[in-house]
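Quick setup: one chain, the form predicted alone, written in structure tokens, and binding and motion questions come after.
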Amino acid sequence: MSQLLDIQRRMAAAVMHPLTRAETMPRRRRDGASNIAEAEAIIQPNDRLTSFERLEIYNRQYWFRLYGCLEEDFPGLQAIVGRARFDALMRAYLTDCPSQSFTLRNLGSRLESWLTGHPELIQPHSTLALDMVRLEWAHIEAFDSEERPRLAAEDLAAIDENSTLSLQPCLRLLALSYPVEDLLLQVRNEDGSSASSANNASVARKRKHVRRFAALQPKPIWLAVHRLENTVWYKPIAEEEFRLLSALLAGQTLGQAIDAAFAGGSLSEEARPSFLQAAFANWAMLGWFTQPDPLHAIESLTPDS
């Protein structure tokens, strides 16, 4: 078993080693080790391919699969930076931040923070690009995060300023500078309008969309990304809604969340009750209020040691 485990680890290290710029398996790794010698040690040649050529097939297919996943997950970012720069960005990111999960769903989880440290890769539209990455990652999280049972109407009617409210795990809140949700929808429409996303006319239209949005003056935009009936939706919300929901997600009481929502805001005292009534009715209709996490409830009942 120990010999098998050693072979599996060596095979994984070879397969997961980054490709060359020509998208071939390097003869030598970055640490100087020979991939040719490693291939000959763990793989038999056949009458058509050498050991190295057989190992290279797996190496290339592994990386082509990663490339394909990032392209599918971040079409908006690709439209903003262009195909050539996106390819270079993608290879650099996957080299610095290799997959560490059993699922490729998590492949782009570190992309925003990585790009923040490499702003030269998304110039001259760095703010627009980062907004898009945040939206596209929020979409991924909203799509497959847990959905808990909705809070019953009688439970909602019983809440007061000391109540804490749980929100759906599939809800994501974004503070943005550009309306990237509209740009993303247009990019996806272009992808679906031709047999290939590399179609010249489709690419030209995407560039036109990007130029139009990049020309806009940045301004604060608040967005809720949520799932309803197995579909992800983008819902523009007011700043007060964003603050209130963010406070609830942070575990603050309803009274504290309401104070945070209106602190320094322009909404008059007279307008606040109707605003809150409309917002809560809408959120309840969308199913954003949920039963508390059972594990959290158990932990809160555990006495301090």
Partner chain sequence: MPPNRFNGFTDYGVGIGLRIPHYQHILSRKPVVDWFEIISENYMVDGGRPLEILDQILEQYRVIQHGVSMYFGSADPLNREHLKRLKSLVRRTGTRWLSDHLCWGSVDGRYTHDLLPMPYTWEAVEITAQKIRQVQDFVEVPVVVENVSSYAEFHVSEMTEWEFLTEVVERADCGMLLDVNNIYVSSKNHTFDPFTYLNFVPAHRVAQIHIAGHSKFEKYILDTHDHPVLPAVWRLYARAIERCGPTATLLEWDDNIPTFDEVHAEALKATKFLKSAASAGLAGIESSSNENAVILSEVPRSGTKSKDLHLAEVGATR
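We call the rigid core whatever largest set of C-alpha positions still superposes within 1.5 Å between the two forms. Positions refer to the first chain, counted from 1. The structure presented is a predicted model; accordingly, all values stated were derived computationally and were not measured.
Missing here is the form predicted together with the partner chain; even so, the following discussion is about that form.
- Shown alone here, R65 lies within 4.5 Å of the partner chain in the predicted complex, counting heavy atoms only.
- Not displayed here, the partner chain is kept clear of S113 by more than 4.5 Å at the level of heavy atoms in the predicted complex.
- In the predicted complex, the partner chain lies within 4.5 Å of some heavy atom of N230.
- Looking at R9, you'd find a heavy atom of it within 4.5 angstroms of the partner chain in the predicted complex.
- Within 4.5 angstroms of the partner chain in the predicted complex, the stretch 64-103 places a non-hydrogen atom from each of R65, L66, P98, S99, Q100, S101, F102, T103, taken in sequence order.
- Once both forms are fitted on their rigid core, the CA atom of A13 lies 2 Å or more apart between the shown form and the other one.
- With the core held fixed, the Cα of E239 is displaced between the shown form and the other one by less than 2 Å.
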